[in-house]
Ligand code: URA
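For reference, the chain that follows is the form predicted on its own, supplied as structure tokens.
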């Protein structure tokens, strides 16, 4: 038997209705529990035991949720923060549920692809260095890269404190006044991409994560927009690199 919770909260956590939508459905007599119409939004239910239906259609409540976000600059990758708005704060109401957290982190001023979930085992798999899952970034820098820079990334950048990064890949995408480069790493150390480029005398002016494994950020997942993806799909895309996600 699972933990009992409010019916309106449970249904609004499933990604189809907002809390106000659920209350309207309940008011119209369209929601039932164990085949009995429910008239109160605060009716307590057990999602693992009770049969919940909307308009006669049984709802299978999901234990875990997997969200994709194109994180905007100025938002911190945290569950809560006393001074800054977090990625959890900007999740739409229909996706909000207890236990959500960002998988890995992006710096406050870094934009791009972020996964948010309440599945700890999945998050560990994504972030563990043993998984060897590469993340791809695009960085605007203040000067062009050389073949020596590219080789240094493949050999493993060493920071001033002696920390050696794992093999990474660097390539130039264009060579304007502020060149655009692509960086692929399979770690997630604090400010890692910025620090790696700085060891080669390159200052990062703008940074965006464009891919995690085979999961890519395309133009249809705009800033502050979200998409939900199911467990099987996100695993196939992330770890098999067979598909791209178009949200």
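Since we're looking at a predicted model, the values are computed, not measured. Positions refer to the first chain, counted from 1.
A second form of this protein, the form predicted together with uracil, is not displayed here; the remarks below concern that form.
- Only one of 167, 85, 105, 125 comes within 4.5 Å of uracil in the predicted complex through a heavy atom, and that residue is 105.
- Here is the short version: of 41, 193, 68, 45, the single residue with a heavy atom within 4.5 Å of uracil in the predicted complex is 193.
- Proximity to uracil in the predicted complex, taken as heavy atoms within 4.5 Å, picks out 185-193 from the listed stretches 185-193, 58-66, 45-53, 22-30.
- In the predicted complex, uracil stays beyond 4.5 Å of every heavy atom belonging to residue 138.
- A residue is said to contact a partner when one of its heavy atoms sits within 4.5 Å of a partner heavy atom; residue 207 meets this definition for uracil in the predicted complex.
- A residue is said to contact a partner when one of its heavy atoms sits within 4.5 Å of a partner heavy atom; residue 94 fails this definition for uracil in the predicted complex, lying far away.
- Taking the partner from the other structure, uracil in the predicted complex has a heavy atom within 4.5 Å of a heavy atom of residue 110.
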